[in-house]
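For reference, the chain that follows is the form predicted on its own, supplied as structure tokens.
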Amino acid sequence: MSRKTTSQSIMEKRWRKFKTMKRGYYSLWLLVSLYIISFLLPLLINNKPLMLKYEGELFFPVFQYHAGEKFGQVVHGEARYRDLQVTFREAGEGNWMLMPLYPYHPNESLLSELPSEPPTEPNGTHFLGTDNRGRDVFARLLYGFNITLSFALVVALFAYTIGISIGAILGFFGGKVDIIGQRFIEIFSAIPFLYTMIIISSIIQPNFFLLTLVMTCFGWMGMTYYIRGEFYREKARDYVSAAVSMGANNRRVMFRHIMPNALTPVITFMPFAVIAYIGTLVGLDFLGFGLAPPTPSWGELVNQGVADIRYWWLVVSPMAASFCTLLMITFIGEAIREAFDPKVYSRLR
């Protein structure tokens, strides 16, 4: 009795191999889950209630601004909802509010609520203490995770798109196109990144989009070399000659036939590029050339802690978060590299 077998594509084999690398597989799911949850932080960690009932009317302050006078508070600007919650509880008039799980905002100054001058040590109210401006470190740490990882992913996406496109053109056409392109890349790569950031920071305050643009301009060159080499190798294959003989134009040969077979280094190096971009952002924030205050930033917290080592939680907290994040990405990168190893699953098997 013959045993029925089903053929698997090379990507299915690679995914199956990836799942056997348990630490990389579980790190991928954990990191993706945490990143998705980080977009829900305004509903989980915030100083605004999700729902508020006042005098029989429902309000949703997390989505809409409400002045303090609207709820009977004598304050300027938006209502102070934690104080208002205490007032509702003491009055017992049926007014209530539903606060997030952790009722503090990362940019909110808590100077009037702290028992002493900030920074204050971790306690039951503020899990990781407060920084030198009286802001909750736990809230800033989690919001910083979303910003840091988003920055790294966006830069990797745009930098790799540019690098792949230019590398494909250089490798496919070769000749003068390759020579001129290589000289341009060498000139561009000689520009010092840190000095450029210092000059830009002295002229304009960097923000997320400006930093993304600058990092993309400096980050695309590395992948160009790998894709260029892959295209040089692949365009000599028989399947490319067959496609050309059948009348396929250059664009179809490049992106339909060669590109799918040249993406192995892209997928393999992507996690390690994300690690590099995370480290770059943390380093820039630490030096003061990164995201503008009061944006939650791991590097800015470390800078505060290094300024006075007595405030150990300002160093330990962001460094631990950075270590765990980079460790998970490293595990993912190792698993991907193992799964895409050509010695394990070559194109000829």
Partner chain sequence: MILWRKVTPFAVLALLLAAAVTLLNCGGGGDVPISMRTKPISVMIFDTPPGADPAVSAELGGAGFEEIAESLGFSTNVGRSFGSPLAKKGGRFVQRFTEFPSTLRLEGKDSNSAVITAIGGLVYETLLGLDAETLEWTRNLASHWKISDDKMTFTYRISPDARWSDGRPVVAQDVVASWRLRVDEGILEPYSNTLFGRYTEPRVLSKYLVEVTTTELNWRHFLYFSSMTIMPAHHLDEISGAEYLEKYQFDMMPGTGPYVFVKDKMRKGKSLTLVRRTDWWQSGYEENVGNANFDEIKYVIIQDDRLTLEKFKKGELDYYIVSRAQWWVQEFDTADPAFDYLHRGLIQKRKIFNHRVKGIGGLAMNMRRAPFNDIRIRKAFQKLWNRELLMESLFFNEYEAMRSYYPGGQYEAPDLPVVHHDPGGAVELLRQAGWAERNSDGWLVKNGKIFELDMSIDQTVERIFTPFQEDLARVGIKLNLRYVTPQTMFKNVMNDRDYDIHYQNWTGLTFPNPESSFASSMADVGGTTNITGVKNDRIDEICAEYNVMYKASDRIAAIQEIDRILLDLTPYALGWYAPYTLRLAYWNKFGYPDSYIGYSGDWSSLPILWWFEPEQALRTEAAKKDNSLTFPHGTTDVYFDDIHPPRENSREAL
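The model shown is predicted, which means the values in this text are computed figures rather than measured ones. Numbering follows the first chain given and starts at 1. Rigid core (definition): largest C-alpha set, two forms, superposition within 1.5 Å.
This protein has a second form, the form predicted together with its partner chain, left out of what is shown; the following refers to that one.
Note on the partner interface in the model of the complex: the residue among S245, N123, Q205, N250 having a heavy atom within 4.5 angstroms of its partner chain is Q205. For the residues M51, L30, I37, A307, the 4.5 Å heavy atom test against its partner chain in the model of the complex is passed only by A307. Across the proposed site, Y65, N132 and A292 without exception bring a heavy atom within 4.5 Å of its partner chain in the model of the complex.
Heavy atoms within 4.5 Å of its partner chain in the model of the complex are found in exactly one of 144-152, 159-167, 88-96, 108-116, that being 108-116. Proximity of S201 to its partner chain in the model of the complex: non-hydrogen atoms within 4.5 Å are present. Within this chain, G288 lines the site of its partner chain in the model of the complex, having a heavy atom no more than 4.5 Å away. Using a 4.5 angstroms threshold between heavy atoms, R80 counts as touching its partner chain in the model of the complex. If you take 222-236 and check each residue for a heavy atom within 4.5 Å of its partner chain in the model of the complex, you get nothing at all. Comparing the forms between this form and the one not shown on their rigid core, the Cα displacement of L98 stays under 2 Å.
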